[in-house]
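Here you get one chain, nothing else, as structure tokens; it is the form predicted alone.
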Amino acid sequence: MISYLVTVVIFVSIAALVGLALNLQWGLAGLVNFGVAGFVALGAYTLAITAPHVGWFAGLALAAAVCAVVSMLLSLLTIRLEENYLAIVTIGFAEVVRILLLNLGDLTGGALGIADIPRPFAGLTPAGWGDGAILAFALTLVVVVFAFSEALVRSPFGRVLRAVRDDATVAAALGKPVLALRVRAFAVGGAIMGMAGALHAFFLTYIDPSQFTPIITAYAFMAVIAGGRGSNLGLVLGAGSIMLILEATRFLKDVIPGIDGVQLSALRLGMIGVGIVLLLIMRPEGFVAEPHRRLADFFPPESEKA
């Protein structure tokens, strides 16, 4: 039972990281990314290929860096396209990644994938503590990324991104570098997705292309919509709720007679969809509304305290 709960918490952590990245790209900057699964896969495979040679920490850094560079190039390639075409480009990107993973067998292992991926602190923890160590690592990574995202949202950079999202023409007229801001936001989000993929590879120690399906993208959008677009705290609550509902409804097979695995999977997704629709009707801003306070508001100058 404890092992199962640890697994659930780690999957919630991975979903929270993916959601935080999408919240930065779409929730804050208004950049639709339907290729989330491709970036997560790219991060996981970068970690799996490099970690045995350079170590887990350098592999994690490379996963984030590669995804950031690819995100930046992808956003730059769409410079001459309308904003919504970025969404179509990202769909194509995810498909290209999937095809490359399947066909670059010498590098990626093809459909068989890559096994024996080293875990962080594997040589420092006692035997049998592997899942506990990766759980602590996952929670630490979520806390660090959450704190970074919160600081970013409340910084001048975050406020300008909201302005670009709400009206890019007005922001450009005020002298804001709209393109550079969007490229930076997309690159930072891609880096976080790469770290989420690396965490996925660390935990399972084995990856193959079938693990990175478009459902990852769907779960990320569900988490952002349920939690509240632009709210990092709401995003974490949304990701946790989505994953907990998915796990809780897994046992419906024991309650509903005659239902098979495929029908149960469709029923679970349908229940989440109905839940999100009801949530948007009753609470359109999601679990937590987008924050508008600045970072400096939490640390007022001494003259204002008197």
Partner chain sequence: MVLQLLLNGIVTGLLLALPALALTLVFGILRFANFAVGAMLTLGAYAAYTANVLLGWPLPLAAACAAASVALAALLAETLVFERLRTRGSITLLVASMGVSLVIENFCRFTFGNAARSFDLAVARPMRWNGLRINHEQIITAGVVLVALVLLHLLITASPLGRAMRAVADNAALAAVRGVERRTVARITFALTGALIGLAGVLAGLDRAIDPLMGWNYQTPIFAAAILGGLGSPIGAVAGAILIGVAEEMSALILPVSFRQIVSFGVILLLLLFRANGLFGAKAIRK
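The structure presented is a predicted model; accordingly, all values stated were derived computationally and were not measured. Positions refer to the first chain, counted from 1.
Only in words, not in the display: the form predicted in complex with the partner chain, which the text now covers.
Student: Looking at 155-163, 96-104, 202-210, 140-148, which one sits within 4.5 Å of the partner chain in the model of the complex if you count heavy atoms only?
Tutor: Of the stretches listed, the one contacting the partner is 96-104.
Student: Is residue 182 one of the residues lying within 4.5 Å of the partner chain in the model of the complex, judged by heavy atom distances?
Tutor: Flag for residue 182 set to yes.
Student: Can you work out whether residue 112 and the partner chain are in contact in the model of the complex, taking contact to mean some heavy atom pair no more than 4.5 Å apart?
Tutor: No, residue 112 is distant from the partner.
Student: Just checking whether residue 92 would be counted as a contact of the partner chain in the model of the complex - the rule being heavy atoms within 4.5 angstroms.
Tutor: Residue 92: yes, in contact with the partner chain in the model of the complex.
Student: Indicate whether residue 221 is a 4.5 Å heavy atom neighbour of the partner chain in the model of the complex.
Tutor: Yes, contact at 4.5 Å.
Student: Decide if the three candidate residues 5, 11 and 171 all line the partner chain in the model of the complex, where lining means a heavy atom within 4.5 Å.
Tutor: No, the whole trio is out of contact, none within 4.5 Å by any heavy atom.
Student: Answer with one of 255, 54, 274, 244: the residue that has a non-hydrogen atom within 4.5 Å of the partner chain in the model of the complex.
Tutor: Here the answer is residue option 274.
Student: Which residue among 122, 87, 135, 233 has a heavy atom within 4.5 angstroms of the partner chain in the model of the complex?
Tutor: Of the listed residues, the single hit is 87.
Student: Any residue of 20-38 with a heavy atom within 4.5 Å of the partner chain in the model of the complex counts; write them all down in order.
Tutor: Contacting residues: 26, 30, 32, 34.
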